[in-house]
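Given as structure tokens, the chain that follows is alone and in the form predicted on its own.
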């Protein structure tokens, strides 16, 4: 009886689509944005059908069993839990998360061939915090067309650093602040709006059992059609028609939640075509390329997580997270992004990527790694249903472009996704916020999904 009780408490805007018993919303995409909107509408009594191209739900959240280890191959963290609707949902549904208490034990400098101690970490910590503190001044001095690489150079040129320390400092700025956070190349991430998003409190957390625990709870009770690749969306004053996987779906409204990379690629034909304002905004935005290589071993042969500073400052396999305690098996997950990711994603095979990570680990630890028992390699960059990891703003792009992508086209066609939320783009909570936003737009004044009552 719980769904009926919740429906009775829903507050619906009179005369809105949610108030019309004939409303049927077709949600394109079963990622976090699509599932959030669908669940919110469903609990308010609105008929919803979710159309998903993949053979699974979750989108760019993807928990897979790599042998005995449950590993998030896509989004992995809750970046702050206070004021985070993902955490609110998890809390209300008895789902847990744990603080990210990663222990970084090894810092290896390839150019000197040395594993560095606390002194090396201190140089990097000071460079990272100093650069972030200097951002407002750098933005004012360098102007709206500057990149984060321009800002990095300006900042480091003013520091009195040895050759080694400058190399470490550049790594901290390039990788920690930019390429592992925004996923785009440091030479292409714009400075003007860099680091402007509000920060949620509560620290980084990792979902127990991976994001699939949250995804599965979100999807409960929804009508989801898998393996339907949407190719056409037609909309007019009378409703919407969607062609997907050889089937035709009719509805009153469509909510498009595919990633910005897919919208930019023109994989879906819209009739009428998307507005010039939206296509122009899409052309100015870009999508980063954060990827992972997962290695699961029989035994834990290393000591803690590993930071690798390559000699050319090109971002070669920079971070190796020891997630053994979280996954329940001896597990290392290498994260890499930015320019290096774009380069190797197009040219290296899975086997070459795995071999490259093992070579990096051998150099950093001074040990020959055993052959991993299980491996996984992500390909978000070339995945046709993602075409990248998440949105970033190059020079010339502004948060107004994100709002333009979020804007409805006519009365029947709506948009959601992390790349449509101007304040928090690039995060899972942005995707959830956008799904809640569109549920409100359709007339659900009060969300009655447990955990989201205040949203």
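Positions refer to the first chain, counted from 1. Everything numeric here is computed off the predicted structure, so don't read it as measured data.
Same protein, other form: the form predicted in complex with a small molecule, not shown, and the subject of what follows.
The small molecule is not shown here, and in the model of the complex it never comes within 4.5 Å of any heavy atom of residue 168. Using a 4.5 Å cutoff between non-hydrogen atoms, residue 209 does not count as a contact of the small molecule in the model of the complex. Using a 4.5 angstroms threshold between heavy atoms, residue 390 counts as touching the small molecule in the model of the complex.
Using a 4.5 Å cutoff between non-hydrogen atoms, residue 54 counts as a contact of the small molecule in the model of the complex. Of the candidate stretches 99 to 107, 112 to 120, 70 to 78, 316 to 324, only 70 to 78 contains residues with a heavy atom within 4.5 Å of the small molecule in the model of the complex. 262 is the sole member of 332, 178, 262, 357 with a non-hydrogen atom within 4.5 Å of the small molecule in the model of the complex. In terms of contact with the small molecule in the model of the complex, the residue from 414, 428, 402, 41 that brings a heavy atom within 4.5 Å is 428.
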